[in-house]
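Below you will find one chain, with nothing else, as structure tokens; this is the form predicted on its own, and questions on how it binds or moves follow later.
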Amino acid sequence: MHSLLDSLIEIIRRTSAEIPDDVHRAILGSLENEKKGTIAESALKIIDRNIDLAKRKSQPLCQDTGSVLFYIDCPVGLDQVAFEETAREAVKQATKKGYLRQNSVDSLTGKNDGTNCGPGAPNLHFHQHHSADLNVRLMLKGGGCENVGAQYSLPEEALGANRDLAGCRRVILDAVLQAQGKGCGPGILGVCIGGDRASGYAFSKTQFLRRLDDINPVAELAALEQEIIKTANDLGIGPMGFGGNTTLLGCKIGAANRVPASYFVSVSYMCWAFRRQGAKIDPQSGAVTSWLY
């Protein structure tokens, strides 16, 4: 019988070592779209071999196992304090097992205690709902791709970006342009239009919880997502900035309410090693009942 601790450790293992099927399909599709014999094709072949090796050996897809971000949709009454304590212990044990690298340091001293736990690490986001379901999603967000995230306050005169979807398009593509060769592309964008400076970035990351092959229910945003992908891939930046047809694997955009004085566009960038997994867990036993991706 698996406990909640066992289940969380397994979620961490799968997230670190096994790329989601929707992301792998996108990578394989982009490989077919690159010209034979190019550096872009070679880079994507290496990425695909990396994916296979990590899964077979149950080892991290990337040496940077990233920030540990839990998203928990839970029934009313769940003991969130106890859950967080269990999640922290799962992170510590997963680190000992090698599923996570010793990757979290004190920001003032630079000290690494080897546990991946400390202030703000791991990071947990709880969302209560009236359903009895307990769904736990995990994202491992690498530092390289985190470094090339960007936030814009519209209007952005230098880019000719006004407070409309055309202006949003301009700044999102500027973020892609500024990130070229960095962030371990091909990448995926998570975007929030609106919110404030803090909530905009937080909301943009939740877009990575969507499947790459889903369709945005807001027609205007669905069209903008596809336009961003097409235009970005026409820029010729390519995998790792080596040139080619695949700069982005996906773009997911959401909108949050804002105050009239502000119009932020927050862009989070995810590397090709898109580590996201989740499971439905029995609230009583703690066992995984099904996988979400």
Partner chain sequence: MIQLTTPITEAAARQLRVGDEVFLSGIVFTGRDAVHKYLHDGGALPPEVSFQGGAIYHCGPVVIKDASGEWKVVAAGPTTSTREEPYQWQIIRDHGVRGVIGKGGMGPRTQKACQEYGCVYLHAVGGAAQVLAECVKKVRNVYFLEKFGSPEAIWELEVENFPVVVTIDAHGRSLHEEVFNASSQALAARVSAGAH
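The model shown is predicted, which means the values in this text are computed figures rather than measured ones. Numbering follows the first chain given and starts at 1.
Absent from the display: the form predicted in complex with its partner chain. The rest refers to it.
Proximity of Gln63 to its partner chain in the predicted bound form: non-hydrogen atoms within 4.5 Å are present. Not displayed here, its partner chain is kept clear of Tyr263 by more than 4.5 Å at the level of heavy atoms in the predicted bound form. Within 4.5 Å of any heavy atom of its partner chain in the predicted bound form lies no heavy atom of Asn245.
Among heavy atoms of Leu177, some come within 4.5 Å of its partner chain in the predicted bound form. Among Arg210, Arg170, Arg163, Arg88, the residue placing a heavy atom within 4.5 Å of its partner chain in the predicted bound form is Arg170. For the options Ile188, Cys184, Cys74, Leu140, the residue carrying a heavy atom within 4.5 angstroms of its partner chain in the predicted bound form is Cys184. Against its partner chain in the predicted bound form, the set Ala43, Ile47 and Leu235 is in full contact: each member has a heavy atom within 4.5 Å. Residues with any non-hydrogen atom within 4.5 angstroms of its partner chain in the predicted bound form fall in just one of 66-74, 27-35, 254-262, 236-244: 236-244. Heavy atoms closer than or equal to 4.5 Å to its partner chain in the predicted bound form belong, across 139-166, to one residue only: Gly144.
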